[in-house]
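In structure tokens, the next block holds one chain alone, the form predicted on its own.
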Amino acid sequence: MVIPALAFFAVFALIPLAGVLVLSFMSWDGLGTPTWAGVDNWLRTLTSPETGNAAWLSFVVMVASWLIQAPISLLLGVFTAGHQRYRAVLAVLYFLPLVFSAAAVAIAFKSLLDPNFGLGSALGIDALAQNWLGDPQLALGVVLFVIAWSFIPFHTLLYQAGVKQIPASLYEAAMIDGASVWTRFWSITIPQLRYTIVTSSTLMLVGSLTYFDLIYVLTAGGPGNATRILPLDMYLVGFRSFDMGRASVIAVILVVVGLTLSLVLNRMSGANRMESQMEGA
């Protein structure tokens, strides 16, 4: 089973990555014959103000997404792991965004936030009838909100599964000792969920480097360059400016940053030494 898996990985991951790396040193408009350009693509990309701004916005989106999604997902996961029936009903509502595609979510929010025909105009609430996606000061915040709305259910599911794996005897012993709900949460739930927190955080941070379809449908990187993060910058450079060399440079940067981030998070958290926490294991 190892050889087919390695062959699959080589064909669909390593070879395309090697092709992108080679293309980053070529000049190609996507139609003609690629020509050797040396490090010119790298120099133009690393000194481009647009790409620099896109890198900064990607960093902002990465950090803000984690700060918004991590605590909400953790609390919702703990809440939905309870056994009360009403929690199961609420969990169905919380997980509803999981069944929608990113494009469908973006189109729905784009319609709801329309300043003329959206939710604010329909309800007659002036505070909601703003140009949410057309104002550079508001657009990035709206994008972060829609991203959180889309991905919090998935991470909530991870935390819910993690909480259900915590041995009930730990909570029973703490209750006998008189520990409060708050103490049980910080002294039992959080430590027992440390590997789930690492996994969820890694997916949030590295996954933020792949946000494309949702933002492209919502704002296409605009207004101006207000929401033009690196994946969008890569697409626009490659398929609008027909500069596949520079687009490949951005792709290589995204891969290197994503891999480095994953390795650092695993090293710092000790997740590479994960062991079973199951009761009796």
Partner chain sequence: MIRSRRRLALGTALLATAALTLSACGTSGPGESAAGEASAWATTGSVHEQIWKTSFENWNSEHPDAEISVEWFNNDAYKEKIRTAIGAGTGPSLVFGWGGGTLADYVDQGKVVDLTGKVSNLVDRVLPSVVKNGMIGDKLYAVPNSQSQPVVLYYNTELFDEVGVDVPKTWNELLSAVDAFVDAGVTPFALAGASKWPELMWIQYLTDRIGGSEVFDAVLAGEEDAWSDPAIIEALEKIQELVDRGAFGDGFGSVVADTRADAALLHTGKAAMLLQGSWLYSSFLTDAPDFVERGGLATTSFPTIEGGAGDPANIVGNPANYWSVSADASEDVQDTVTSYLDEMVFSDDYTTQLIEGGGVPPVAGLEEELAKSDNADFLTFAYDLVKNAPHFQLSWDQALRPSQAQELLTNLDLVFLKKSTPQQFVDAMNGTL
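Positions refer to the first chain, counted from 1. Here the structure is a predicted model, which means the values were calculated and not measured.
Not on display, but discussed next: the form predicted together with the partner chain.
With a 4.5 Å cutoff on heavy atoms, Glu50 counts as touching the partner chain in the predicted bound form. At a distance threshold of 4.5 angstroms between non-hydrogen atoms, Phe109 is out of contact with the partner chain in the predicted bound form.
Although the partner is absent here, Gln192 is not a contact residue: none of its heavy atoms lies within 4.5 angstroms of the partner chain in the predicted bound form. In the predicted bound form, at least one heavy atom of Gly224 sits within 4.5 Å of the partner chain. Heavy atoms within 4.5 Å of the partner chain in the predicted bound form belong, among the stretches 127 to 135, 82 to 90, 148 to 156, 171 to 179, to residues of 127 to 135. This chain appears without its partner; in the predicted bound form, the one residue of Pro97, Pro115, Pro167, Gly141 with a heavy atom within 4.5 Å of the partner chain is Pro115.
Along 1 to 25, residues Met1, Ala5, Phe8, Phe12 each place a heavy atom within 4.5 Å of the partner chain in the predicted bound form.
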